[in-house]
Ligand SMILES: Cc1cc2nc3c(=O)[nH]c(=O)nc-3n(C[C@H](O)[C@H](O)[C@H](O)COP(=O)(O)OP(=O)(O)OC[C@H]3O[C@@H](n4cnc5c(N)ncnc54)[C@H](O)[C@@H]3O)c2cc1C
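One chain comes next, on its own, written out as C-alpha cells in the form predicted on its own.
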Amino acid sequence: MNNIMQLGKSCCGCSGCEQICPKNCISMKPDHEGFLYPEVDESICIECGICIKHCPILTDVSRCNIPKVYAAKYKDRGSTFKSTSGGLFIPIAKSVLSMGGVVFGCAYDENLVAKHIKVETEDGLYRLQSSKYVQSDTRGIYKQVKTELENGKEVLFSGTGCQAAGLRSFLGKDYGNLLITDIVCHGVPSPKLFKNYIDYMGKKLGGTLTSYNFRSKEKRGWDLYYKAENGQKSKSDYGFFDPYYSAFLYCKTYRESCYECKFANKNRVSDITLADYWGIQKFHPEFFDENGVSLVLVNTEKGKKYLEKIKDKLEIIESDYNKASVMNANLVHPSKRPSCRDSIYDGFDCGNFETYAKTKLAFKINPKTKIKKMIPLGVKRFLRKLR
C-alpha cells in the first residue's frame, strides 16, 4: 500500500499529495464525516515516494524560533469593521497587489462552500475577509501558487497552519516573492456538516442562505456573533446559542488531526501569524477597540519587511508571547479532544438536521453568557470607560 494512505486520521487534508503526484494517481475524497482524505489508484502508482517527501505531516517544515509579537489595528475603520479582528490582512494584501501581485485565501463560493481562491484586484479582497469556521478546500491551489511564483509574481498565501505547511512542503524551497500568513486555528469542522447546517438555517429563514458571517460586528462589535441572511430575512445571535457554532467553540466537531496538530505552538511555519488579540483589555487596556484588535506574530525577516511597509497604515504596539498566548491557547497546544467526538458525527447526514442538532449538538448556555447578551452595547461602552 502507498505510504500516504497509512497516514490515516493524522492526515490534515491539505491536498498537497494530490497536487505533487507525477502520475496523478492521488485524489482527495470525502470520508463518511465529510472530510477529504487521499485515495490512491494503486494500478497507476509507481511508489516514487514524492507524496511522502512533500507531506507536511510526515516531514519537518522550516519553523521560526521566537516570533516578535504585536497588537495592531488597521486605521481604515470601515475595512476593520468587515474583518474578524483588527483587519491586518487587508493592508498586507493590498501591499502585495500594489506590486502587481496576487493573493490566495479562503472564500465562500455561490453555495457557501469554503474554498481557496486567487484574488487579483482590491475589489475582490472582501471575499477573503472574516473567519470561516469550516475546512477550506485547497485542491489545485498549491499548483496555482507555484505557477504565479515562477512567473515572477509577488504572491500572498493565507491559510491555517497545516495549509501553510502544506504549501511549503509542496514547493520544496523558499521563494523570495512569496509571503505566507497563517491564522491561529482551533480546528476545523467538516464541509459536509457545514453544508447541512447552512441548509437547515435556510429552511428556518424560509429560503436558501445567500451569506453567512461567523464574526458579524453589526450588533455586538468585536465578539462571537454570527449573521445568516437569505436576501430577505436575517438571523444573528451569539455563537454559544447556536448548535453548529457552539459545537465548534467547544471543540466537538474538528477533524481528527486537529487534536494532535503539530503546528499549534509558537514555532510557526509562516512569515506572519494573525489572530484575535483576546485578553487585550487585561494586558493593554488603553489599546482595546470594540471594532477589534489583531494579534500579530512576525516570524521571519520577510514578515518583518512586509510589516514595515504597512506600519504607517496601522496603530501598533509591541507585546509579548506570554501575554498573547494566555487567551490564545492554540499558540501553545492543540485543542483537546472531548469524549463526545467519538460519536458526534453519527447521524449528521440523516436528512433531518434539527433532530441531529437536538441530540448530538445539544448544548447548555452559561448563565454569564446570557447576562452578557442582555447588556446593551452602549452600556458595555460606558462600563469600559469607568475602568
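Predicted model only: the values in this text are computed from it and were never measured. The numbering used is simple: start at 1 and walk along the sequence shown.
Another form exists, predicted together with the named molecule; not displayed. Remarks below refer to it.
Looking at 191-199, 142-150, 127-135, 233-241, which one sits within 4.5 Å of the named molecule in the model of the complex if you count heavy atoms only?
In short, 127-135.
State yes or no: in the model of the complex, is some non-hydrogen atom of residue 166 no more than 4.5 angstroms from a non-hydrogen atom of the named molecule?
The answer is no: residue 166 has no heavy atom within 4.5 Å of the named molecule.
Would you check, heavy atoms only and a 4.5 Å threshold, whether residue 187 touches the named molecule in the model of the complex?
Because a heavy atom of residue 187 falls inside 4.5 Å of the named molecule in the model of the complex, the answer is yes.
Is residue 73 part of the interface with the named molecule in the model of the complex - any heavy atom within 4.5 Å?
Contact check for residue 73: no, nothing within 4.5 Å of the named molecule in the model of the complex.
Does the 4.5 Å heavy atom contact test between residue 278 and the named molecule in the model of the complex come out positive?
So residue 278 counts as contacting the named molecule.
Just give me the single entry in 170, 225, 248, 263 that has a non-hydrogen atom within 4.5 angstroms of the named molecule in the model of the complex.
Comparing distances to the named molecule in the model of the complex, the residue within 4.5 Å is 248.
Find the only residue in 83, 253, 257, 299 having a heavy atom within 4.5 Å of the named molecule in the model of the complex.
Contact with the named molecule in the model of the complex is made by 83 alone.
Residue by residue through 293-328, tell me which have a non-hydrogen atom within 4.5 angstroms of the named molecule in the model of the complex.
Contacting residues: 294, 328.
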